[in-house]
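Here's a solo chain for you in C-alpha cells, the form predicted alone.
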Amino acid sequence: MASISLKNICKTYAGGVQAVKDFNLEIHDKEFVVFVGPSGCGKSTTLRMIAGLEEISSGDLFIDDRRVNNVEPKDRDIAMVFQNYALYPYMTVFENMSFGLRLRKVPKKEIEQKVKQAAKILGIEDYLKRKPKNLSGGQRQRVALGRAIVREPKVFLLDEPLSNLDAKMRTQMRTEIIKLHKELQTTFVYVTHDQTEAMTMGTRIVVMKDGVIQQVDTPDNLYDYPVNKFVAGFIGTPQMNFLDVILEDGPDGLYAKYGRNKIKIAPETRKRCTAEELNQRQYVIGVRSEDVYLIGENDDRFPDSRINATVKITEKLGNETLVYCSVEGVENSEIVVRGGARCNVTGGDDVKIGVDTLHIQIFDYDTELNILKR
C-alpha cells in the first residue's frame, strides 16, 4: 500500500491562471482522504496531478517516498475511477474489467480469478457477459470500480464517481465504497463537491477554495471547529446561520448586539475567545440550525439569548421541518431553525428563537477567521 506526500504543489496554466497554490498534505497509508470544495477550487486538478494526468508546475509529489513528478501514470501504481465511468462500450463487463491486466500480459487463469473475485466483492457476478449499455448507472460504476480493483494498485483515485447517479443510488454507492475501502485496506483519495459525501466517507477531509487548502481535519472537527467562515458555511446542511454583531464585553458577561437587540454569550464560549480586544468590535456569529430553537409561550429555555424573528417560509421534510426566519431589525437576514416533524408555524408568524450560545462560532469580520479555540 502507499502514503502520498504533496509538498508545495502548484499548478499554473497558460496566461498565469493558478489553479492550485502551495498545496501541502501528507496522506497516510490506508487512509481515506476526501478533497471537497466548490466547482473550480482545484480539487480535481490536484487529483489529476497525483495521477500524472496533469503536469506539476512546481513542488514535489511522493508516493511511498518515491518522487514521481516525472513518472508516467502507468508506472505510478495507481488506479483512477472517473465521473463518466470511462467504459469501452463494445466490450463486455468481463473484458472491461480485465483490459488492464491483458495489456500487462497477465496469465488468463489469473485474470479470470481476479475479475471474478472483484465481481463478487461488488455484486456484479451476474453481469460479466453484458455490455455497458445494458447496465444501470450504479452497475456501470461498480464495473469501473472493479476494473480498478483487479489491478491491485497502491492508491485508488476517485474523481466525483457518484455525481451521475440519482440520490438513492448515490447513498447506496457511498456505503459500498466505504465497505470496499475497509475490505481492500489501501489508500483512497476521493474528490467531490458534495459535502455530505465528504462527511460520511472520509477519515480526513481537505476543504479547498480558490486552489488553497482551507482546513484539513476529521469530519467531526470540521463541523464543530471550523477554522474560518468559509469552512463553517460549506460544511453542514442547511448552511450555518450567520449574523453580523457588535460584541459588548463587560463585567456581567459578553453580549452580541444586533440591531436594537442583544444576546448573552455563554461564559464557556467567552473563555475560548482568542482575540485580544472584543468590546465594541464587529464580528460574525455562526450557529447551526440544530442549535437554535423555536421558543413557545411557556418555554423557559435560553432566557438570555432569544431573538425575535418572523417566519418567511417552511420546508416540510417529513422527519423534520426547516423554518426560515428573518431577524427583527436586521435587513436581509435569515436564520434557519430545525423544527419538529409536526411543527405548525407558517409564513408571516412572529416567533422567538432561542440560541444555544455554548455551540456558536465567532468569526473576525475582516479576516473571517474563527476566534474561538478548541
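Here the structure is a predicted model, which means the values were calculated and not measured. Residue numbers run from 1 along the displayed sequence.
Only in words, not in the display: the form predicted together with a small molecule, which the text now covers.
Not displayed here, the small molecule is kept clear of G52 by more than 4.5 Å at the level of heavy atoms in the predicted complex. Although the partner is absent here, S305 is not a contact residue: none of its heavy atoms lies within 4.5 angstroms of the small molecule in the predicted complex. Not displayed here, the small molecule is kept clear of G339 by more than 4.5 Å at the level of heavy atoms in the predicted complex. In the predicted complex, the small molecule stays beyond 4.5 Å of every heavy atom belonging to L358.
With the small molecule omitted here, the record of contacts in the predicted complex names 38 to 46 of 330 to 338, 38 to 46, 317 to 325, 57 to 65, defined by a heavy atom within 4.5 Å.
Site annotation in the predicted complex: the residue of I362, I353, I9, A19 reaching within 4.5 Å of the small molecule with a heavy atom is A19.
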